[in-house]
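First, one chain by itself in structure tokens, the form predicted on its own.
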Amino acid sequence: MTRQTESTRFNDVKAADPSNIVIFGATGDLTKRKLIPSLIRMLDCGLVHKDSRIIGLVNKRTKEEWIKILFDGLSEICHNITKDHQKWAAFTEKLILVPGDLGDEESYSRLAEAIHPLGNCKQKNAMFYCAIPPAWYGKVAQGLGKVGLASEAEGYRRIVIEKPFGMNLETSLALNAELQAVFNEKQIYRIDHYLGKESVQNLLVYRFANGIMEPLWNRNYIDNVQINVSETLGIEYRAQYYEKAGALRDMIQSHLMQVMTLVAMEPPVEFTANAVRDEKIKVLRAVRRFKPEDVDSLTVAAQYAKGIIRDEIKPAYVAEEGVSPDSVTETFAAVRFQIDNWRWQGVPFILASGKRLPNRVSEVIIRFKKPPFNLFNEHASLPTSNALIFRLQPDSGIVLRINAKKPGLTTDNEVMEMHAPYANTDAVADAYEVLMHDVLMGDGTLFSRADEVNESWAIIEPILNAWKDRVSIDRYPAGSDEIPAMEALTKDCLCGWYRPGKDHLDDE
């Protein structure tokens, strides 16, 4: 296979028109770690038009000071970018500083003056990226609306909203109302970086471009579906956010429920944003609602205690900087969903995510039912469950687990795994590159629509209500997945809980 260079790997991708790319939170961590590195790579390979400009609303700093902040941030994570002084100098020429802050109305007037037609494009196209705390989303939208920057009379205007999109159903509804009072739904891009991952997008292709999948993709052949995201990291620098969110809000309500809709959805009538999102919302509307008395038996919450990961002692969650020593915030959460429709009735969907677990891995496992009859003699082992495993990270691809005869004079079985790695990583774009390019192209397929977000909050609202008054929480040692409640949650699932990264033959 020919190795692709950074500048040639996207030659077949349509280039976007020139745009004024406006970043709110232009000196923040997300901008330094994700947005600026992605924009530099996108410019290099043509995903961003060469005549585009990057405008930052920056308070009490000169352009030189802003550039230094970005350079210092990149030096820590992207050495190759900062070492190429010519490329960095060319990039900084595209940076435009607009002085001001988010709460100042005059700042938005100055921003409006900085939006110009670019290159041969007569339109004043603009993308507004909100790399800011969620409390400011509505206020920024209002500020843009007051100075006419939501109107598309002179070019497209698209606003990008980072998660968390609300903290419960009430705040989600309120935020949607604020945004939709200024922008129409087609202009709003609720970004979930998880959906920008190449391997997650490929779930749709696996399902709908392969005829062998559809006949088996239903309750007649599938026993259970499990979606697991396991992380070895703790909360890092996110204590202030994580104490309010926990694993349920941080991962399951957003990332994992989105993946569940991709696994469970019906084929869309066409591959367009609304057609795909129409099928995803049907899945969410079919999810059985939780009764307060059933929450304990259908969910698991736990928190990591002091433990050892790769011979290094890791502190308990309550000992992390910024965390209350009395905190009962969950760092591991699991929910058992039931989708009440013709295809999935009776098939449990187990979604689980946790920090400080033994392995860093994200997987979807489809467990098929066992053969209805043991054809072999009574002394031979009964074939184990077949499984199809979509590994999303770190080494994306598919694993098919089947039964085979052991070599020798026996009819006993053994498990065989067939591995299909997904892609040469040189050809895989970062999630933010994919998603920002989609915004520039006006493609909302990988972004959540308002009804999707509200529906997902409505589904987990009973869980949030049941958990909010708890005074204690189960604990598991860092570096361990010994969470006894998971055995009860999956007791009637064939083969029980699929422990991410430990149930592969390679790891046995």
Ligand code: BG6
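Residue indices: 1-based, along the sequence shown. The shown structure was predicted, so the numbers you read here are calculated from the model rather than taken from an experiment.
Same protein, other form: the form predicted together with the ligand, not shown, and the subject of what follows.
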- Would Thr171 show up as a contact with the ligand in the model of the complex if we use heavy atoms at 4.5 Å? no
- Task: Classify Tyr194 as contacting or not contacting the ligand in the model of the complex by the rule of any non-hydrogen atom within 4.5 angstroms, answering yes or no.
- Result: yes
- Message: Although the partner isn't part of this model, could you tell me whether Gln142 comes within 4.5 Å of the ligand in the model of the complex, counting any heavy atom of the residue?
- Response: no
- Message: Is Glu231 near the ligand? Define near as a heavy atom within 4.5 Å, in the model of the complex.
- Response: yes
- Counting only heavy atoms and a 4.5 Å cutoff, which of 123-131, 307-315, 366-374, 249-257 contacts the ligand in the model of the complex? 249-257
- Considering Arg158, His437, Arg391, Lys355, which brings a non-hydrogen atom within 4.5 Å of the ligand in the model of the complex? Lys355
- Item | Heavy atom within 4.5 Å of the ligand in the model of the complex - the one residue of Lys87, Arg110, Arg360, Arg288 that qualifies | Arg360
- Message: Let me test this: is every residue among Lys163, Arg238 and Tyr241 within 4.5 Å of the ligand in the model of the complex, going by heavy atom positions?
- Response: yes
